[in-house]
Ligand SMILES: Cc1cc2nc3c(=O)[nH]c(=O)nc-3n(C[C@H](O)[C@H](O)[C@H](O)COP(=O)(O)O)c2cc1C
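Just the one chain here, laid out as structure tokens, in the form predicted alone.
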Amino acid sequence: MELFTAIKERRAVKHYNPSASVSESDFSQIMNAVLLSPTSYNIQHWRFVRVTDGIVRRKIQEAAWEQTQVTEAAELIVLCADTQAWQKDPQRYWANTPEDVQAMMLPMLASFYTGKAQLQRDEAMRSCGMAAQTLMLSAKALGYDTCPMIGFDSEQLAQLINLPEGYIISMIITLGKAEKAANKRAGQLPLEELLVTNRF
């Protein structure tokens, strides 16, 4: 599917065909595309929990206020982020660059994040947002539907997926084939209201 068509046709689908599956090759293609999403300092904060266990999916549905797409969709991905990834073997993030680049970037990375808990969290969430959009557009390009979800009890979900310390949950993304099309777009604000030039 052409990129701008995928952008236009990507919608938050709430009702999925429970008998439709996502092929392993398609799933792999989607996720490998996600790994090309940008992140600050190339930290790649994202961590993806692919939930395939039906019992766990049912418990997540309970934590997500019984939203049916959690169990109806072919795939359920909990998009998380490691807020401390910036300090975990950071040389990995620049391993393919010349030594002089590494010598410059690694101290910059440490200086940028050290002692800045809010920035660490903000940057991780930004990275997750970009990864999520890549996932959803890649899925749409292959003919699948998705739904980004923030409607869940984050503490319950964290327990269900055994979320490690220092990690945060950004969102859930369901992936599959729509059983019912999304409703019409509720109301798009005009570009002239949203775009300013140079300053507000």
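Since the structure is predicted, the reported quantities are computational estimates derived from the model, not experimental observations. Note that residue numbering begins at 1 and tracks the sequence as displayed.
Heads up, the form predicted together with this ligand isn't pictured, but that's what we're talking about next.
Engineer: Does any part of Leu35 reach within 4.5 Å of this ligand in the predicted bound form? Heavy atoms only, please.
Structural biologist: Looking in the predicted bound form, residue contacts with this ligand do not include Leu35, since no heavy atom lies within 4.5 Å.
Engineer: Is it the case that Ser138, even though its partner is missing from this view, gets within 4.5 Å of this ligand in the predicted bound form, heavy atoms only?
Structural biologist: Taking the distances in the predicted bound form, the answer for Ser138 is no, it never comes within 4.5 Å of this ligand.
Engineer: Taking any heavy atom pair closer than or equal to 4.5 Å as contact, tell me whether Arg185 reaches this ligand in the predicted bound form.
Structural biologist: The answer is yes: Arg185 has a heavy atom within 4.5 Å of this ligand.
Engineer: With heavy atoms only and a cut-off of 4.5 Å, decide whether Leu160 touches this ligand in the predicted bound form.
Structural biologist: No, Leu160 stays farther than 4.5 Å from this ligand in the predicted bound form.
Engineer: Indicate whether the candidate residues Asn42, Lys88 and Met125 are all in contact with this ligand in the predicted bound form, with contact defined as any heavy atom within 4.5 Å.
Structural biologist: No, the candidate spot makes no contact with this ligand.
Engineer: Quick check for you: of 25-33, 148-156, 48-56, 161-169, which stretch puts a non-hydrogen atom within 4.5 Å of this ligand in the predicted bound form?
Structural biologist: Selected stretch: 148-156.
Engineer: For 1-30: residues with a non-hydrogen atom within 4.5 angstroms of this ligand in the predicted bound form?
Structural biologist: The stretch 1-30, when checked against this ligand in the predicted bound form, contributes Arg10, Arg11, Ala12, Lys14 at the 4.5 Å heavy-atom cut-off.
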